[in-house]
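Just one chain is shown here, as structure tokens, and it is the form predicted alone.
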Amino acid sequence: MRFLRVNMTDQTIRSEEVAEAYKTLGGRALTSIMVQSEVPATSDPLGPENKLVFAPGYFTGTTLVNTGRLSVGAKSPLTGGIKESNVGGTVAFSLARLGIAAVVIEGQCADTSFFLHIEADGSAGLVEADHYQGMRTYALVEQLRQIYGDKKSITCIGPAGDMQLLSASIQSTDLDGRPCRAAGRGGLGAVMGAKGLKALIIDQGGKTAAEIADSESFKTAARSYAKAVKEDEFSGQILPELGTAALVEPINAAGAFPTRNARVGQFEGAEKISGEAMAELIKSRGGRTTHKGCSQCIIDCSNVFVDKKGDYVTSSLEYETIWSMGGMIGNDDLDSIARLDFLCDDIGLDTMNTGVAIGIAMDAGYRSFGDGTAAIALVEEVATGSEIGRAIGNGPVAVGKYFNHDRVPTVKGQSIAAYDPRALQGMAVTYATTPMGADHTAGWVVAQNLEAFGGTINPHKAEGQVELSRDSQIHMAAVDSVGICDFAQSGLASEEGMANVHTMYAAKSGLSFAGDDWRELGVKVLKAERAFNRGAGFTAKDDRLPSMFYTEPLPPYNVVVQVSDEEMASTFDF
């Protein structure tokens, strides 16, 4: 395996062997430790000193199912701290099969834009791309596929990234060649735009086999893991039928569905935008509810949403977007939600940050809650670069300042996700303390907080929440490093689940690996991320939620965040 280092300042590319310190790392471990080591914490996120790192998971490219995950790391222009944003599709597998452990984008070209083309033989070159500046992602991918052929994985930015807006995403193609998979969080699309990189074009014909010290042990454990994923009710049955939208009804029932800029915890229109309603609508129009979007996937939780004529709108319409463009803005129309999802992918925007930004604008009285047409118009404004468009594209904090409105549900500048921290106290800890900003995937503790999911912790009380979030954050840092999809973690829940992962890590690396090593991997990642943030000027005061969550009781259960500042500060007492 090798690193591909691309210097945008002088347009040089060099291939180098993976250093010993990085040889057993992948995904988030590789991006975060490299950023912490090589990027000055006080550097300008949109300047030449920042680096943008694309790294497949440690298991990506092996026979293990559901490991087609790519970590994208850099200093975030949105949070001002370290960021790892995770995306599926086909790009991670394509890179791994070319023997590339990471693509590292260094330096900056301020006056010219480029494509990075990596060919099947592993050679790479920069191609001038000024003509494509401002082009939306779907049109861009269509043109690139005409030029370079269909057997390419494409990762690109849209107008939001070109304009270096703080909610800019990095979009990747799925198995159908559509740029509908987003590394959305943290504004890393703005970093890509600042570097002068419009797209990565990666050949899918790589033949490099993953380096595995004990291939038979790996294959045996991988087969057992895959069997557990297929046999699990959630990953084997519910996700293929309803996708992640299956969460709408139970989270709403728990009063944890932030609605109308998180003024209440239940949305009266939830039934209209639920996974069940979406699946029924898609099927009635001839779309697809069980769809394979990512390399190596056996869950098929994606969907293809079509309009009344049966024409493609978006893929995949997921829970977080249904919330951000639905309940958060009071919108119960699935067609407008799907259109908003498409527009964010096409313009290159994080749907969560953008939906929350629109919710704040509506809360400030600029538009009315529930007006999906107005929301669509606001997202279209982003692509024009208008004053309000740039505010929306720069995210919730920018919109709050624009309207002088103080109800801004963010941590470290990044919006919360689809779980209100007052109704799920464990998520309050995760949102506040993760180095990533209010990121739900950094430590998802919803199941343990809700009896409907088998949880045993009182979701409205502080007891046990810090320990729960700490353990989940450590675990998820390791999961993101090996490249296992969140939804395939059902394979970890089986009797032999974690043992299988330990076996595969040992079999691939040729080194011993057990339970303590898994925890040490997660802790190592978090320590690197927290060290970077401290260097960037973050203190314990940054690991707190906005005052609205402590002072505004959330209907219908009328709860506020109960976890004290002292308890928050103890989260990373490793």
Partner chain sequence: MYVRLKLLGTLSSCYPGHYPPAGLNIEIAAGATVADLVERSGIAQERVAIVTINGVLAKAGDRVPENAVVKFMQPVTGG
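These figures come from a predicted structure and were not determined experimentally. Positions refer to the first chain, counted from 1.
Below: the form predicted together with the partner chain, not depicted.
A.B. asks: Might Thr290 be said to contact the partner chain in the predicted complex, defining contact as any heavy atom within 4.5 Å?
C.D. replies: Flag for Thr290 set to no.
A.B. asks: Is Tyr138 part of the interface with the partner chain in the predicted complex - any heavy atom within 4.5 Å?
C.D. replies: No - in the predicted complex, heavy atoms of Tyr138 and the partner chain never come within 4.5 Å of each other.
A.B. asks: Even though the partner isn't displayed, in the predicted complex is Val127 close enough to the partner chain, meaning a heavy atom within 4.5 Å?
C.D. replies: Answer no; every heavy atom of Val127 is more than 4.5 Å from the partner chain in the predicted complex.
A.B. asks: So in the predicted complex, does any heavy atom of Ile238 sit within 4.5 Å of the partner chain?
C.D. replies: Looking in the predicted complex, residue contacts with the partner chain include Ile238, since a heavy atom lies within 4.5 Å.
A.B. asks: Mind checking whether each of Glu233, Leu247 and Leu450 has a heavy atom within 4.5 Å of the partner chain in the predicted complex?
C.D. replies: Yes.
A.B. asks: Of the options Ser113, Gln164, Thr441, Ser336, which one has a non-hydrogen atom that comes within 4.5 Å of the partner chain in the predicted complex?
C.D. replies: When the partner chain is considered in the predicted complex, the option within 4.5 Å is Thr441.
A.B. asks: Which of Val501, Leu242, Val72, Leu98 has a heavy atom within 4.5 Å of the partner chain in the predicted complex?
C.D. replies: Spelling it out, the residue with a heavy atom inside the cut-off is Leu242.
A.B. asks: Tell me which stretch of 216 to 224, 117 to 125, 405 to 413, 252 to 260 has a heavy atom within 4.5 angstroms of the partner chain in the predicted complex.
C.D. replies: Single hit among the candidates: 252 to 260.
A.B. asks: What residues in 538 to 574 sit within 4.5 Å of the partner chain in the predicted complex, counting heavy atoms only?
C.D. replies: Just Tyr557.
A.B. asks: Which way does the C-alpha gap of Arg263 and Gly454 go in the predicted complex, closer or farther, given it changes by 3 angstroms or more?
C.D. replies: Closer in the predicted complex, by 3 Å or more.
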